[in-house]
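In the block that follows, a single chain appears as structure tokens, in the form predicted alone.
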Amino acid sequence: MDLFNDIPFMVLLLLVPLMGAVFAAFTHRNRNNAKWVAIIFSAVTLALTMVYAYVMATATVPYLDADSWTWIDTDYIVISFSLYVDGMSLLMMALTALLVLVVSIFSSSESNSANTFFALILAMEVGLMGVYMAHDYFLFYIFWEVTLIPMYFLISGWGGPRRHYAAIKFFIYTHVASLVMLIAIFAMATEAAAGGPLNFGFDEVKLALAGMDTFMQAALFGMLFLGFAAKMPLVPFHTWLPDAHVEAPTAGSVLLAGVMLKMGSYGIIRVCLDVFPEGAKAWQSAMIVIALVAIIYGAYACIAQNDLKKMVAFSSISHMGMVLLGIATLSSIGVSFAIFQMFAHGLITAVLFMVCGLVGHNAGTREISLLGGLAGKMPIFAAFMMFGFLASLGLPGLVGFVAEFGIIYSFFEYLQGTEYLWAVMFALASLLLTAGYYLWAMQRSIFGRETDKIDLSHVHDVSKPEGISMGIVCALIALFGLMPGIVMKVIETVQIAGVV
């Protein structure tokens, strides 16, 4: 780890995309310059993340590193610029860096205020990286809020006809929930201070609250859970997500589903379970019920959708419910596969939303009832669409199967020996529903007779940048589906206090 004594890699992972955002913003609306700034700086960030992962993996204490600098130090409050990386952080950082590079390549033809567009994407990367590395609650909250701003402007500036409504709804839902989280954070720091200065450090707060009574743990757990659940989002805090996805540009949808939603589940694991293990036990039954409702409701709602993008948005609600189900088992295997599902869902939804963006742009509509016979006109597109849908429904050999199988197995282990073993059928039923709506949508949109409801004479197949973007992600979906041990080796290093 001597390398990190000389080069603050964690700080570089924030500075590089920040510098890229500034450079992109001042390219004076030159689309090519802005595009290349985004691609180069996001590629450098990904390369640094991979180097960082390699050095940590070969170190004495793998996947564990921390840096801290005092930011504010008074008699009343102590705030540190504290960064920390373990296996879960590293996976989310790598996913963030990858998807930002992918959407920068995919969106290379963007001509509407391209400098601002790519600057917002890189600014988004700064916030996301900060959330996954922050080890001080005040810093964590700052980065949490930073992610809202570029996403709001991406939806509002480059979205669909109802973009302003969707952007405001997204901001209000997630911001109000995060204010509840902020109140809980100050309550935690106040309780931990015990009359001394407020200290927001993760380790300091956790140590000071170790002996907190169950009632207070449950109360603070519930407040934090509300903030994180609205971000995932879970039923009944989900209504902003379909609107945001439908109206967002493709790049916004990929980052929103691929990494922003994971902030919620990351927070539940990193904060709720680790700091309040007794609170987690008190909320365990409620989390299981919420998870099962989200899984079934999300899958069932997909069947009723006629817009491909809205269908994929509702499928995210179902899949994030699966993440919560793994977390709610409070077992090491359940939480491990929940983290795996976070990573898998990020890769899969990236392909799905790029596919939806392509069909909307090329065919002029995403309405399933108006599409048909696209495989004959766009064979490469059809192949990517099939691959993405099959990965999302859990086809064996692809990354989604490993994640969902592990979560359902952990839930079965949790219920075994109880009178509630039948509840595992809800999770299994969601797999049937998922296969149903994906196969039905695929059959109607790309197979069958060519539709006469819209003019498809002008459509063109996947361009080179679009093919490269989706090809990279599809290759990783297959790689980690066939070799899940690569990801599991990283996840196994994560230690959470509330998990047995």
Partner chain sequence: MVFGISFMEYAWLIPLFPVIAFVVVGFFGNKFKEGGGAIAIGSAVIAFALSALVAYEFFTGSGDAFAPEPFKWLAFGKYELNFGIYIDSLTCIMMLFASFISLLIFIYSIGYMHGEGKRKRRYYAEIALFLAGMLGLVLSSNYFEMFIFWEIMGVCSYLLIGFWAFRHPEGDEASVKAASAAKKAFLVTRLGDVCFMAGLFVLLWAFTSLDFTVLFDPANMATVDTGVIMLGALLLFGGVIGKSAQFPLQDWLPDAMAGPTTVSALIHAATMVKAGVYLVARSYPLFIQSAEVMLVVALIGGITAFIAATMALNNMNLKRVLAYSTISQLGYMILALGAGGYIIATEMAHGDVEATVGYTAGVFHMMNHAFFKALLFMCAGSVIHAVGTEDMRRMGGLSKKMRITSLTMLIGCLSIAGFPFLSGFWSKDMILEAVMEPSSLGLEGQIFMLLFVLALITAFMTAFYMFRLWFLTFKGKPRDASIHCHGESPKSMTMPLMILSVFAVGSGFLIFLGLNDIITFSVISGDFVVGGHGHTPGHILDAILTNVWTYVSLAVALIGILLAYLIYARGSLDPSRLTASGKSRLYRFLAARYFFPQLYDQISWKLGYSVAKGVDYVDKNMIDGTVNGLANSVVGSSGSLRKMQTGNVRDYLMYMAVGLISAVIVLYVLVTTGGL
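Residue numbers count along the first chain shown, from 1. Owing to the predicted nature of the structure, the values given are computational and were not obtained by experimental measurement.
Form predicted in complex with its partner chain: not shown, discussed below.
When its partner chain is considered in the predicted bound form, L439 lines it closely, a heavy atom lying within 4.5 Å.
The closest non-hydrogen atom of Q305 lies within 4.5 Å of its partner chain in the predicted bound form. Although the partner is absent here, D243 lies within 4.5 Å of its partner chain in the predicted bound form, judged by heavy atoms.
Although the partner is absent here, A192 sits far enough away that none of its heavy atoms falls within 4.5 Å of its partner chain in the predicted bound form. Contact check for L46, Y52 and E110: none of the three has a heavy atom within 4.5 Å of its partner chain in the predicted bound form. Only one of 123 to 131, 209 to 217, 356 to 364, 407 to 415 lies within 4.5 Å of its partner chain in the predicted bound form by heavy atoms, and it is 407 to 415. Of the candidates I105, L390, I290, L226, L390 is the one whose heavy atoms come within 4.5 Å of its partner chain in the predicted bound form; the others do not.
Among V205, L371, I333, L273, the residue placing a heavy atom within 4.5 Å of its partner chain in the predicted bound form is I333. Contact annotation for 284 to 302: residues with any non-hydrogen atom within 4.5 angstroms of its partner chain in the predicted bound form are Y297, Y300, A301, listed in sequence order.
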